[in-house]
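Heads up, the chain below is alone and in the form predicted on its own; it's given as structure tokens.
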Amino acid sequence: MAGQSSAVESRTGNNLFLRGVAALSTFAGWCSAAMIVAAVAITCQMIFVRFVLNQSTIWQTEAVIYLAIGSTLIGLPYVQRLRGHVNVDLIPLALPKTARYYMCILTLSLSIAMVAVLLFYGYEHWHLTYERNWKSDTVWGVRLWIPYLALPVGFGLFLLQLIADLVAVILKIDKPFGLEDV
């Protein structure tokens, strides 16, 4: 089934927690977009330096890779807030209202558990690189804790947005899966 999803942006109502998390997720989305713009600008600079000035590049490729990966991780909560992650809403649409509610609670709870595990190990990996002052094996030699910081920050904000989505459904501020009853 192709076309537009019937889901809408997550609702916050007048709940201060939900509004705060939505603001954080939106800010993360802007930061993610800025990282993509920076990666594109660096790529253009790298092309100019290599093919017009005929000079070698040192840091550009590595910076673009770290920015693209960081943008993906930092952008997770914003995409979740907009309900932009890939989903199949055929089953929730076919379910009655009560079953859809419980399915939403289950899927959000499982997502929260999985992202919490990713956050734990992401933080552990970031902390290890920070504690041991690991650097990349390139000429640039960037301190790896800087790009790896996107792991705990991205997964932490994503976890927060998932919790906010769960709270919104439980408090009946938002509909399960963002789907209106037909």
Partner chain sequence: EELRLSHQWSNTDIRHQVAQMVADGVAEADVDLEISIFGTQSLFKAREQYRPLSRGLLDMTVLPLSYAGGQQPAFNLTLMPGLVKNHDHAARLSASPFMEALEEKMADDDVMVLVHGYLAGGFVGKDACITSPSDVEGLQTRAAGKAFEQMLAGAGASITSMSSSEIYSAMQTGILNAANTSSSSFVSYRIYEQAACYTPAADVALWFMYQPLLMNKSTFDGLNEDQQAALMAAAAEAEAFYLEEAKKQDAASVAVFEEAGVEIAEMTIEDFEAWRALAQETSYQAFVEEVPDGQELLDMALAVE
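Here the structure is a predicted model, which means the values were calculated and not measured. Positions refer to the first chain, counted from 1.
A second form of this protein, the form predicted together with its partner chain, is not displayed here; the remarks below concern that form.
In the predicted bound form, at least one heavy atom of Lys135 sits within 4.5 Å of its partner chain. In the predicted bound form, its partner chain stays beyond 4.5 Å of every heavy atom belonging to His127. Shown without its partner, the chain has Arg50, Asn54, Gln55, Ser56, Thr57, Ile58, Thr61 in segment 41-74 as residues with a non-hydrogen atom within 4.5 angstroms of its partner chain in the predicted bound form.
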